[in-house]
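What follows is a single chain, given as structure tokens, in the form predicted on its own.
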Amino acid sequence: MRRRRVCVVVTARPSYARIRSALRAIAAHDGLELQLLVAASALLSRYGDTLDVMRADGFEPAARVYMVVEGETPLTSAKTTGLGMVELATQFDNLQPDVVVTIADRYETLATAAAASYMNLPVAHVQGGEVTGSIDEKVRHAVTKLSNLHFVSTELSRERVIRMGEEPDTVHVTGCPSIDLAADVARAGAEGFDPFARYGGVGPAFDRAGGYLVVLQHPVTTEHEEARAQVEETLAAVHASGLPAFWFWPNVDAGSDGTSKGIRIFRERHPECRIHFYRNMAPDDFVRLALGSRCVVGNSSFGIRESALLGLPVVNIGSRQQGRERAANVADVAHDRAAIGAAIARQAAVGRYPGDPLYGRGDAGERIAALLATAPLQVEKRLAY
């Protein structure tokens, strides 16, 4: 019996961390053939050399798609989506997969699902059914309606997908694959890792023994004109906290130029500030770094997902994660330096929260691979209204 060809489309730095355990499980499964398609910002060095990280993990892409229109505005996001549909369709025609796997809620995800659907290719969607701020929720729900298989993270997400009209037997609670990585690192611990020696980065080195922060702040696409002002509030609060910080560069989204400019200007004006900046790290190393921190700050889903299982104190800023299910470790604040600073002080003093398996227990990748090997792949969707 021929193995099913599974085309997994990875388009950005965070998408790879979210799907890596599933990639490994698919590659190891006797009934599956992995076709890794790498696209968009995952191919661009300015966003972290994600392709190099994949290769270091043993993955070689079957195809690549260059589709990012530079500019980081709503206009270029729309054009990137359109260009992505054109180029992805060509690669799907070349690869002839049995099923296409798309991840989460980025605009590249929408391009992937739309191109595959119009080519009558079954689509499997990871992380559907969740509620968040910005345009991401619209994209996520649109991808759900374009998909045939749904690998959701929580029971509440499953309920939402079914209420959207999807057949219950196509919606599977697998947990989130990014939790698999967090669980592995938590078992191994954070010792023996020197980020300065391994990754270089920009900014002063500092003694980590007294504790540090990890900061990930991305622009909110529906608030892209405020991106610079928003990141300036966070920079001021982190600087005033008295704790050194590791700060990671933003995603390629509308407003990222404003976020990046705010960071560069702050760095020039405050060369004494103990903030060290990175574009990217291997997923394992990033989780190790976060695991050793006093607090995670910003608006990344890492603060909501993996940090729940790890029990990391989190200061979540602004509307980007609005509505997403969260554990007790998350403190929500507005883009206000005083509020951010006060929340950092409170959360950094906590130590650790009890770990919460809200988004999974560490076996999502294996579950997803098993379902991809056995689940019916129906292109024509049944109505369940």
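For every residue, the number given is its place in the sequence shown, counted from 1. As the structure is a computational prediction, the values presented were derived from the model and not from experiment.
There is another form of this protein, the form predicted together with a further copy of the same chain, and it is not shown here; the text below is about that form.
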Taking the partner as it appears in the predicted bound form, which of 101 to 109, 304 to 312, 228 to 236, 206 to 214 has residues with heavy atoms within 4.5 Å of a further copy of the same chain?
101 to 109
I need to confirm a contact call. Of Ser134, Ser153, Ser300, Ser293, which residue comes within 4.5 Å of a further copy of the same chain in the predicted bound form, counting heavy atoms only?
Ser134
Exactly one residue in Glu167, Glu87, Asp285, Asp184 has a non-hydrogen atom within 4.5 Å of a further copy of the same chain in the predicted bound form; which is it?
Glu87
4.5 angstroms heavy atom contact with a further copy of the same chain in the predicted bound form for Asp194
no
Is Ala78 near a further copy of the same chain? Define near as a heavy atom within 4.5 Å, in the predicted bound form.
yes
Within a 4.5 Å heavy atom cut-off, is Asn280 in contact with a further copy of the same chain in the predicted bound form?
no
Residue contact check: Arg337 to a further copy of the same chain in the predicted bound form, 4.5 Å heavy atom
no
Of the residues spanning 149 to 169, the ones with some heavy atom within 4.5 Å of a further copy of the same chain in the predicted bound form are Arg160, Arg163, Met164
